[in-house]
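Let's start with one chain on its own, the form predicted alone, as structure tokens.
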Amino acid sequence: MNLETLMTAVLFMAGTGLTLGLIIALANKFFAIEEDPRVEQTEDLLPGANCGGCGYAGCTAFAKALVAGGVEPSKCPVNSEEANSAISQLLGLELSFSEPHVAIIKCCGDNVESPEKALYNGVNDCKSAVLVAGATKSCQHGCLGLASCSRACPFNAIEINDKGIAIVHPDICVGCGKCVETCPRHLIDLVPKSANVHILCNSPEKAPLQRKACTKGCIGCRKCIKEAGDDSVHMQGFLAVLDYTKKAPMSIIDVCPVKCIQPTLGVEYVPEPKKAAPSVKTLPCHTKLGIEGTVDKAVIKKAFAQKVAAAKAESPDDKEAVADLTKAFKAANALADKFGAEKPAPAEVTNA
């Protein structure tokens, strides 16, 4: 290739590049869409976490949505009230405040209460494990402890404890909801941060099946409903569920026989001392059972069972002794029915 040909090629390429550059410059000038400067100002007031808790792809997308209208600053679960107030003033919006939420994991059956029925040797991911015969944990509705939710949390608010179950730290959690969509067993809910008590079970199974799968699973005994005394706790099939729009009393923790009702992590709960059961004068029926004059049915029932067992062990064929104990048991129960339900016991009771 001679010098003249080379120079021609160079000049052609330079001319082509210059022409294309002019075309692009003109297109940019005439077809450019000017962005509202408030978008950048709004984005500067957002936390920059890009967690997606607002429902948008990131803080830039959320800033554009705020400027466009139709969404409130409080939609961001991370931003402070001061920053939200500044955004409202910038955009001329009316600021509304919503109660902050945090995530809870509705399971407390760790690998002691709900042991693995087989060893899992696969991808360390809950969704992958569920595809393998429903995973290996005894309870088919409980936490697998493979940390998918923990890895999804952009704020490191979820950890797997030493017993292989996920727990949420409410002082770190901002309620972005990233973990909710990650759990294949739908164990995670966003609840008001002010809630101090939770039912940590998600199993709809009946009590006999539930007890085989997990010793801490809800057995549907309804004691918590009776203790709450309102509709803050209700049943969904065989599972007790909290209504977080109402405040359930923390005393429901005391009555749960399997201890799946627990306070919020970090909240110290001291149960009120149990009131002593009312009593009546010790009568022949109580003496026969070897108890004081109590109207506590649980005490009466236990004493009766022990006495009957002792009588049968001493003389298996002595039906009269068992009949006398049964008569005393019925008499003591009758007194409990009469004076035990918040009725004042008499100073003296002369017969049973």
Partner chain sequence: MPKMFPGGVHPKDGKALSAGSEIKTAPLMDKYIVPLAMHIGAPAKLIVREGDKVLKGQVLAEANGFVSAPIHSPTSGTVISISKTSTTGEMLSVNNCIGPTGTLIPAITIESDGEDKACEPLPTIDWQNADAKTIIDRIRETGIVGMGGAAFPTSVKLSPPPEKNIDTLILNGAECEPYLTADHRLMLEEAEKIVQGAMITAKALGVEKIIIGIENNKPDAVKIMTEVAGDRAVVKSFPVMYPQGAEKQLIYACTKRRVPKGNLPMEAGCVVQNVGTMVAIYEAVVNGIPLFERITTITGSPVVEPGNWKLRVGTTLDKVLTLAKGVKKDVPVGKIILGGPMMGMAQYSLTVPIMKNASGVLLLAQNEVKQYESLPCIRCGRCVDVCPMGLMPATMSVQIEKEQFDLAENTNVMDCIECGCCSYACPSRRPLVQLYRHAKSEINAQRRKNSQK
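Residue numbers count along the first chain shown, from 1. Here the structure is a predicted model, which is why all the values come from computation and not from measurement.
What comes next is about the form predicted together with its partner chain, which is not displayed.
Peer 1: Tell me, which of P271, P257, P263, G134 has a heavy atom within 4.5 angstroms of its partner chain in the model of the complex?
Peer 2: Looking at the other structure, the residue within range turns out to be G134.
Peer 1: Taking 4.5 Å between heavy atoms as the contact cutoff, choose which of E81, E99, D243, E181 touches its partner chain in the model of the complex.
Peer 2: Only one option qualifies, and that one is E181.
Peer 1: Kindly confirm or deny that D189, H198 and M250 each have some heavy atom within 4.5 angstroms of its partner chain in the model of the complex.
Peer 2: None of them does, since no heavy atom lies within 4.5 Å of the partner.
Peer 1: Can you tell me which of 235-243, 171-179, 85-93, 70-78 lies within 4.5 Å of its partner chain in the model of the complex, counting heavy atoms only?
Peer 2: Only one stretch passes the 4.5 Å heavy-atom test: 235-243.
Peer 1: Test of understanding: in the model of the complex, would F155 fall inside 4.5 Å of its partner chain by heavy atoms?
Peer 2: Outside the cut-off, so no.
Peer 1: Does the 4.5 Å heavy atom contact test between A166 and its partner chain in the model of the complex come out positive?
Peer 2: Output for A166 is no: heavy atoms all beyond 4.5 Å of its partner chain.
Peer 1: Is A129 a contact residue for its partner chain in the model of the complex, using a 4.5 Å heavy atom cut-off?
Peer 2: Looking in the model of the complex, residue contacts with its partner chain include A129, since a heavy atom lies within 4.5 Å.
Peer 1: With a cut-off of 4.5 Å between heavy atoms, is H141 one of the residues that contacts its partner chain in the model of the complex?
Peer 2: Because a heavy atom of H141 falls inside 4.5 Å of its partner chain in the model of the complex, the answer is yes.
Peer 1: Taking its partner chain in the model of the complex, which residues of 205-224 have any heavy atom within 4.5 Å of it?
Peer 2: Sequence-ordered list: E205, L209.
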